[in-house]
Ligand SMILES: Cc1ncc(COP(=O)(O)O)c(C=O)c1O
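Just one chain follows, in the form predicted alone, and it is written as structure tokens.
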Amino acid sequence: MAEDSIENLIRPHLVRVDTYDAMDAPETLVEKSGISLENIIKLNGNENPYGGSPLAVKAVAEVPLHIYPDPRQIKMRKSLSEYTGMREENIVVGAGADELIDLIFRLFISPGDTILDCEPTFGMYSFCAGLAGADVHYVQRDTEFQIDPVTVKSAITDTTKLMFVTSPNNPTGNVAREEDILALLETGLIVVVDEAYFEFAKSSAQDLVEDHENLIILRTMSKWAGLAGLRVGYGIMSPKVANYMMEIKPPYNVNVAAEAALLASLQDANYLLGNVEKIINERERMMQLISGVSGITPWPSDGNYLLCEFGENEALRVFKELASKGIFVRNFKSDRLKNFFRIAVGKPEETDLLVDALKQIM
């Protein structure tokens, strides 16, 4: 086979796909910084610093590994129904919310269709759009990072199929207004509201699902429940859409360890929600402390992170200097965010070290 002929067999739109800008693993950060693993402060992934529930850890250790998972997700859907107050037939579980995003594209998008993505926001939507052969039309958020339904509607064309709304938005931290979501639902297009940080914001559009067949809510167990490493999330949608989603998903998509951890976590929800309150309190303390550092403006957030704004060309310098001290935060390639980076909320002692470092750098 000629050296370059393999590209001729690959689907044309995948030959040069824009890869998702994922975070480095802790071991890679050690290698890059030359700082030992125990001295690294990892605040770039919006991970839960308190980890998962002890009940979930125990459940994972005891799960039988030789048995396939339940393809119908009966126990998981029942437990999530009790947790959310939605019916079991409204719920589909995925290997992280990322898999559900991919399934949404498989269900609704054909090559040449268009999605609307409200920038700045989570990069997974445009990545999955590229894999599906869809075009992405970016609609800029306003100066407060809110969605303007008039601007979004003006961007709709004959090829537009779906749009994404992240609430709280990642990385800006603001919750989408219900009236804006309703205005988008009126278009009749599929509206995906990503509520990955729902437990921190305590605000949801799930009550709109009953009357809007074109609404899909996404949630994850990664953030509030500390299960990022197991990859488990869920969607809330009309029973009709849920049935289609169940039909096209891989039969054993959620592994047995993730299933056991999800069930145990929901049994231990009070413990986990107590950790959420700790993170919310620490977020507000971090906001106050960073506000006192000259040259940095933290934006209010309803997530487990803060978006921080700097003067021209300062964000990258500070990002690099923090990394040299073993403190890793999240920067972005977007032109809109060139003077920003995002900081996940860690434990109080990590906040103190971060703020001391910022004071030295600034």
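This one's a predicted model, so the numbers in the text were calculated from it and none came from an experiment. Just count from 1 along the sequence shown to find any residue number.
The form predicted together with this ligand is left out here; the points below concern that form.
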{"property": "Every residue of T172, S301 and A315 near this ligand in the predicted complex, heavy atom within 4.5 Å", "result": "no"}
{"property": "Residue (of E199, D98, E259, E282) lying close to this ligand in the predicted complex, criterion heavy atoms within 4.5 Å", "result": "D98"}
{"property": "Contact assignment for this ligand in the predicted complex, among V191, V232, M76, M286, heavy atom within 4.5 Å", "result": "V232"}
{"property": "F122: touches this ligand in the predicted complex, heavy atom cutoff 4.5 angstroms", "result": "yes"}
{"property": "Contact test in the predicted complex: S265 vs this ligand, heavy atoms, 4.5 Å", "result": "no"}
{"property": "Partner contact for N253 in the predicted complex: this ligand, 4.5 angstroms, heavy atom", "result": "no"}
{"property": "Contact flag, S222 vs this ligand in the predicted complex, heavy atom cut 4.5 Å", "result": "yes"}
{"property": "Interface segment, criterion being heavy atoms within 4.5 Å of this ligand in the predicted complex, picked from 267 to 275, 148 to 156, 204 to 212, 162 to 170", "result": "162 to 170"}
